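Taking the form predicted on its own, here's one chain by itself in structure tokens.
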């Protein structure tokens, strides 16, 4: 009997034989000197949209926090548990990251739940329903548009939500002040799982455009 699924153990063996063997010195340096990534990525939990894979990042290059639908709750220093806010605080204060990227993706299950709150297996009373309440106003506006197909509403809300999350980042006073001083840049991006295309949010217009590759 193993303590982990065999697929994970096999993957670990490949990691040790290949990547770790090729970058062993880098890992030793990171262990000795600590991490110093310049970029934080707030991404979705979806197994199909891993930032380290999409951006071909090596160990120590990205500080990643993942949650359902890549959401950023507004700044609210109370007695509740705030995992994403805690990660932001660590990234900004301790790591002094220079960039924060909110990266959404196509066919997001969380966004679909926001558009269809009564759909099984999720219900508005459970954790996901409450969590996705952060985009409820935009979701209700999308759901009420009869001129759009379900797929169009999904993609539109995925991108609109990214703009909302970037705006929520600016409710954190220590993020807003650093951005105003030019010490920190905020970005939005959307990844199409089906085609592999990456769309980047224009900081001036909010439009999503394809970067040159």
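Owing to the predicted nature of the structure, the values given are computational and were not obtained by experimental measurement. Positions refer to the first chain, counted from 1.
Here the subject shifts to the form predicted together with another copy of the chain, a form of this protein not shown in this document.
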Considering non-hydrogen atoms and a 4.5 Å limit, does another copy of the chain approach residue 177 in the predicted bound form? no
Looking in the predicted bound form, any heavy atom of residue 34 within 4.5 Å of another copy of the chain? yes
Against another copy of the chain in the predicted bound form, would residue 184 count as a contact residue? Criterion: heavy atoms within 4.5 Å. no
So in the predicted bound form, does residue 30 come within 4.5 Å of another copy of the chain, heavy atom to heavy atom? yes
In the predicted bound form, which residues of 72-90 put a heavy atom within 4.5 Å of another copy of the chain? 75, 76, 77, 78, 79, 80, 81, 82, 83, 85, 86, 87, 89, 90
